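In the block that follows, a single chain appears as structure tokens, in the form predicted alone.
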Amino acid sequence: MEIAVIGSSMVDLIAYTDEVPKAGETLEAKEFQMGCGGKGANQAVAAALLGSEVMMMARVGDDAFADNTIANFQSFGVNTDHVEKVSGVSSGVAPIWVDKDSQNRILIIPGANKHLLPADIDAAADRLGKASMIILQLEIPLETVYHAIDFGNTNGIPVILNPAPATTALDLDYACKCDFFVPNETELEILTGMPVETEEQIHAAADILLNKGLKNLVVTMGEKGALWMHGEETGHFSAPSVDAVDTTGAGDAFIGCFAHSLSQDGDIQRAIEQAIRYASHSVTGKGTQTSYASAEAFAAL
């Protein structure tokens, strides 16, 4: 059965620089890369690379980026029957700056992603209703996210919601309808308004969300691993030590691998452990999808 990813597709414009320019300042960057990205697209590609059957539901513009984006999905084996062009708008674009510490800063121009609407969920109901899992993020309209969650609930399909980029406009009642809610530290801070500088603070902020009624809360914490909270149970999973080159897309690598592993046997703990390893490996390479390991390469690790 297919994993259905309903979400964003972006063109990543990545500049590698020792420092980010100040206002009015022009600096020379060391390197530039252009690639396909977007949180939804990245998660779909990661799951497909690991061997899952994946369908993508997304919108692209009618510009020069559109055909390349669709071809990129197909090159990874992702089904594109529901990746459609929107006339008169640009594809989504994400300028990214990666500094000397391998940290990234990202701007998002949503473009066609804003045109993925609730009606599109209904139009694809026959295909979506057969999915083994639905993955969602917040780079598409919130009403579309909510409609997809309701669709999953009505049809008994597990839903993973990655609340990224985080917004306080997110209705947490809908988050509680999801089987898995997977923010990172920054998103946790935005959603709760609480500090997340220490692991104790992360636990406290996570408790606030869990007490809202979330079924499974998984907080990804980069080099500190991940936190899983479920009812009265709490588990902390450490991350391997790696030499980071580019952290862009690591969270999406986690989601894609987590969904793939979970769909295999339903073992949540194993899925988190695998996802941490996969995401950790992704930061050792440059770019987003270009840094994701194939199933064979990941097994060899």
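A residue's number is simply how far along the shown sequence it sits, counting from 1. Keep in mind that this is a model prediction, so the values were computed, not measured.
Below, we refer to the form predicted in complex with alpha-D-ribofuranose, which is not included among the displayed structures.
Please tell me which of L117, V89, A124, I108 lies within 4.5 Å of alpha-D-ribofuranose in the predicted bound form, judged by heavy atoms. Of the candidates L117, V89, A124, I108, I108 is the one lying within 4.5 Å of alpha-D-ribofuranose in the predicted bound form.
Stretch in contact in the predicted bound form with alpha-D-ribofuranose, which is absent here, among 249 to 257, 268 to 276, 65 to 73, 234 to 242 (heavy atoms within 4.5 Å): Correct option: 249 to 257.
Quick one: M10, N42 and I96 and alpha-D-ribofuranose in the predicted bound form, is every residue within 4.5 Å by at least one heavy atom? Heavy-atom distance to alpha-D-ribofuranose in the predicted bound form: all three under 4.5 Å.
Can you name the residues of 17 to 41 that have a heavy atom within 4.5 Å of alpha-D-ribofuranose in the predicted bound form? Contacts from 17 to 41: G37, G38, K39.
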